[in-house]
Every structure is written in structure tokens, then in C-alpha cells.
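So this first bit is one chain, no partners, the form predicted alone, shown in C-alpha cells.
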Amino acid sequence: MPASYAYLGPEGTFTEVALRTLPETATRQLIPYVSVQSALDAVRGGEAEAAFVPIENSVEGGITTTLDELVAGTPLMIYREVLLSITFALLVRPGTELSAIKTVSAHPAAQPQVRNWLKANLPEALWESAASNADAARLVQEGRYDAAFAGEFAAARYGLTALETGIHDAENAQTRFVLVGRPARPAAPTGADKTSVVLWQRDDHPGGLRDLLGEFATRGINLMLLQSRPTGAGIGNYCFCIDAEGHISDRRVADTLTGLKRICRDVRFLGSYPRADVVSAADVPAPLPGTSDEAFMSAADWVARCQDGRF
């Protein structure tokens, strides 16, 4: 395991709270970085062995900054994921009243999760984005902004007061975080796994996305995330970030990746790792008929026998 973990800082972020749920952090050095990009660059540059960053929330979907960093640059690989329930507190300098708040700050991903609360309680407040929710709290401490949306636990760290707590527009909101390192052999399958890839189409044609998704559908693989991201090559040019059920060692997943590699201009494997939303393999539905490892092996054996004239 890595000797040090980089994470989206500063201290007091939801990222740090989620990271500390991993048992091995008790014996690891945790290093805060000012942005997702700098945390991942620390891994690419050898300053840290792994980085822990947010990648998806249940309100707005994929965190585009993280997805774009995994799509571009030197390849990295996801080794683990953590789910954290999210609720915000409105942090202010001691003595600040709600009526005095003219500016609020938080990470951009927080805004969709508190939009309705803001409209109802601070309709005239100006929103200013920060590198992280904890950084927004730091900026409030310094007097740059009047209030920050962050975890209530960050108040003591930055000498602030939680004026309001339990703020969220969506019940049971969660954020997914991932531990990212340099490419290596994936961990052994657990039976409750997820595989992440990025796909680039060979060309733009009618039904192109259908062709990509068909590789998963015909093998009975359920998708858990599908998000398009611009390639930077012009309007209409996109790649696709996909999370799918299963592990690369599963025959149906390996066969799907083989098919995608055949029809795509490029495929980037981002890792196979244990799912955080299930307790055990017993909670994962059985493969559809004809898509189990046994079915693939039986079919391959039949083809081999046909080739040998033994059908």
C-alpha cells in the first residue's frame, strides 16, 4: 500500500473525512493539496503514491474536474471507492447574522445541492466558487466572504460558527470518492466490483453511441455511470466515461473490453475495484442467462470442438 495519500484539501474537507474511513490511513501520511489537479499531479510526479478525490455526487452526477483529469494526461488507475453522505452547514464568523450575509462560497459541486435553500433563505447573496468547501471556510475566516457551505466539522478548524446545519436540497445525498494511483495489476475480484473506462469513437456516425453501449448490453452488463466529456477537438467531439458492473477478470467484462477495443479509436482502462454501495457479492444480482463465466467458457469450448471437427 502507498506510504502517502494526497487529497483535495485544505484540512476539513468532505474528502478528508471520507479518506479517513479507510483503515490504512492510520499508518499513512495524508497530504492536502489545493485542487484535484494538483493532488493527481502529485501521483503522476511521484510526490505521493495515491490521491483521494471526489468523482461523482448523487445530485449532479460526475465531478467534471476529476473526470477530465482521468481522461487526459498520463494514465492513472482507480483502486478503491468510498461513499459519504453529505449535508452542509452554513459557516460564518462569530456574531454574523443571516441578514448580514451578502456573499457565500463553496466548491462548485456544492451549489446544486443547496440551490433551493439559497433561493429560500439568501436570495440576494452572491455565490463565489472556491477550490474546496474547506477552502471556502478558510476564505470566510480571512474575511473574503461572509459565509461558506461546508461540513459542520470544519467550523472549529477555521474558528467559525455553524449558523445553520443540516442543509441539503436532496434527501440522502451522497458523494463518491476514489483512491487513484499509477497503473498496476487490479486487485483480485470480490464478486461485487465495478470497472471504469473512457471510450473514444473511431468516427462520428449515426448510432455510434448505440454501438458502444451494445457491447455492454449484449453481455448483460449494467452501467452505473455514463457521462460524455468534450475532447477539446471542437464542438461535437466527445469521449464517454463509463462505470460498469463487474471486474476485468470476469469473462463477460473482458469480452466487452475486447469488443470495445476493436471498434473504438481508443479505450482507457481506469480500473476494476470493489463497489462501495454493496456489502457483499450476495447483494449483486446473478448474471443474466448466457453471460456467466461458465457460459462463456462453454461457448468457447464448443467453438474449439467445432474447429477440431468434434461437434
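Here the structure is a predicted model, which is why all the values come from computation and not from measurement. In case it trips you up, residue 1 is the first one in the sequence shown, and so on.
What follows is about the form predicted in complex with a further copy of the same chain, which we do not show.
Novice: Using a 4.5 Å cut on heavy atoms, which of A162, L122, I167, M224 is close to a further copy of the same chain in the model of the complex?
Specialist: Exactly one residue meets the criterion: M224.
Novice: R115, K102, R202, R182: which sits within 4.5 Å of a further copy of the same chain in the model of the complex by any heavy atom?
Specialist: Checked against the cut-off, the match is R115.
Novice: Among 132-140, 173-181, 151-159, 93-101, mark the stretch whose residues have heavy atoms within 4.5 Å of a further copy of the same chain in the model of the complex.
Specialist: The contacting stretch is 173-181.
Novice: Any of the heavy atoms of L257 lying within 4.5 Å of a further copy of the same chain in the model of the complex?
Specialist: The answer is no: L257 has no heavy atom within 4.5 Å of a further copy of the same chain.
Novice: If we define contact as a non-hydrogen atom of the residue within 4.5 angstroms of the partner, is I248 a contact of a further copy of the same chain in the model of the complex?
Specialist: Although a further copy of the same chain is absent here, I248 would stay clear of it in the model of the complex, with no heavy atoms inside 4.5 Å.
Novice: Heavy atom to heavy atom, is R229 within 4.5 Å of a further copy of the same chain in the model of the complex?
Specialist: Yes - in the model of the complex, heavy atoms of R229 and a further copy of the same chain come within 4.5 Å of each other.
Novice: Taking a further copy of the same chain as it sits in the model of the complex, is E49 in contact with it (heavy atom to heavy atom, 4.5 Å or less)?
Specialist: Residue-level check for E49: no, no contact with a further copy of the same chain.
Novice: Using heavy atoms and a 4.5 Å cut-off, decide whether G290, M297 and G309 all contact a further copy of the same chain in the model of the complex.
Specialist: No residue of the spot touches a further copy of the same chain in the model of the complex.
Novice: Need the contact residues for 181-213: heavy atom within 4.5 Å of a further copy of the same chain in the model of the complex, sequence order, or none if there are none.
Specialist: Heavy-atom contacts to a further copy of the same chain in the model of the complex: D204, H205, P206, G207, L209, R210, L213.
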